[in-house]
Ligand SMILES: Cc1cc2nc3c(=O)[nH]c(=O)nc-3n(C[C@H](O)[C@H](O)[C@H](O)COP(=O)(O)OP(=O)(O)OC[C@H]3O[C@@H](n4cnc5c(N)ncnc54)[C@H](O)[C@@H]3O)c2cc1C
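Only one chain is given next, in structure tokens, and it is the form predicted on its own.
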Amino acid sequence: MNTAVIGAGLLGLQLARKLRAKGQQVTIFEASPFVGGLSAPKNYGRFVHDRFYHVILPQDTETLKLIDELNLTDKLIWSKARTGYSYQRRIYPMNGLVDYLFFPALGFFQKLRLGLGLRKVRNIQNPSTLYEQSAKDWLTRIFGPQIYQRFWAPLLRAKFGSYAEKVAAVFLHATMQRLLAARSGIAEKDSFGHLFGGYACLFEAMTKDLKALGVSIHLNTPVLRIFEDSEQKSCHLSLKTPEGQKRQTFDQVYFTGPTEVAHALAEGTAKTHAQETLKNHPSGGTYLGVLCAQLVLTKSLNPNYILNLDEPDINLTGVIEYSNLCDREAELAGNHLIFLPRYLPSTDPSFDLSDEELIPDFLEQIKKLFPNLQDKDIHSVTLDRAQRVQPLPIAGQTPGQNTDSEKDLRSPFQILNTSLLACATLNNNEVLGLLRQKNFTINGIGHDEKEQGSSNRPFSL
């Protein structure tokens, strides 16, 4: 079988590996000049590291399995990462019970209720019901209005902006469960992991592995049109290649980008499939994007890896000081690497601005937060952007039950992307887990009959 995978991010590359293991001939098409998507590396001049910030947690079994398969376990480094909370221009540690007890923004009984509420969150067994209510209503009910306004509301505003009061509670539940798990048991001692030098080594190994298996990877090759021929049971792609526009036909095509993009490119029954996917997985219609400035500094700003912000006049989602997680001398040539993310709706006009227009504001924000930061402390300031990062579940938009028919599951055109994640937050482990959680029958390779009624059936590869 001749199969195409559209998108060379982590999901697309791993999908191609699994398809090839089943004996299929696989071709990957990627519009950008590099593989890796949101996890791709960046050359900072003095060193190479991730363009956006990523961590690996001890419970990330899918990621750890892939690292082991690629013989990269010796590149995996575990560290105890510290978390802080900036409130009224003072940074407070937020790493355990003692820190919470001394946090001045909450009174004693509020702290007690916060702890009890977190325990209640940990014990929720069926998070699928949380699609119906907003995070604001859910957090207010569990923690009370005072704790919500003092503790949760600033974090929601910083992360979701105009979506702060619309985002479904299920997203916050997934995020909290992931972080709570990272702070429990053995993870309390070695909570955050990363690959030495970032994900560059992983994508280098995956690319080498795929090429050795005979998989073709075509970069700088955007797809212009997708047409499914139901009668011939094939899918035609129009491609913009460096040599000019071409058309190729495949028995099966998997699209790993946003559903709305698939819908814009698709024609005929492929477009109908994209419409049905969007209907059954409505988070694919609302995306958060990110503008992320990267500062390479000669000095540290604070001792925390993550600094959450409760500063109404600071227009940043947080401050991520990656050099507090990694080996600064060995990985960053002795420099300090700071990520300044600003999450925005994908439709925000800021995405149309140039780097030169955006970077001065990021510098103004960080200098407002850290007045001692001077120009002489800054080696470089760069910026990366991704307009569609996080498919966002909106309260009341409950995913539909898996109503795909056998005919649909055997369609030559399939969509596999992060909008299909159920009761989860976006991270590389969840992305890899999609290959188990969602069933795509590949022309005769059947699915598990016992999972027929589930909306998260195993990926039948």
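The structure presented is a predicted model; accordingly, all values stated were derived computationally and were not measured. Each residue number is its position in the shown sequence, starting from 1.
As for the form predicted together with the named molecule, it is not shown, yet the points below apply to it.
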If you check in the predicted bound form, is Leu38 within 4.5 Å of the named molecule, heavy atoms only? yes
Is it the case that Ser32, even though its partner is missing from this view, gets within 4.5 Å of the named molecule in the predicted bound form, heavy atoms only? yes
Even though the partner isn't displayed, in the predicted bound form is Leu11 close enough to the named molecule, meaning a heavy atom within 4.5 Å? yes
Indicate whether Arg436 is a 4.5 Å heavy atom neighbour of the named molecule in the predicted bound form. no
Only hit among Gln252, Asn335, Thr317, Thr221 for heavy atom within 4.5 Å of the named molecule in the predicted bound form is Thr221
Quick one: from Leu66, Ala424, Ala395, Val431, grab the residue that has a heavy atom within 4.5 Å of the named molecule in the predicted bound form. Val431
For the chain seen here without its partner, which of 260-268, 76-84, 367-375, 134-142 has a heavy atom within 4.5 Å of the named molecule in the predicted bound form? 260-268
With the distance limit set at 4.5 angstroms and only heavy atoms considered, check whether Phe47, Asn324 and His379 all reach the named molecule in the predicted bound form. no
Sequence-ordered list of residues in 37-76 near the named molecule in the predicted bound form, where near means a heavy atom within 4.5 Å: Gly37, Leu38, Ser39, Phe52, Tyr53, His54, Val55
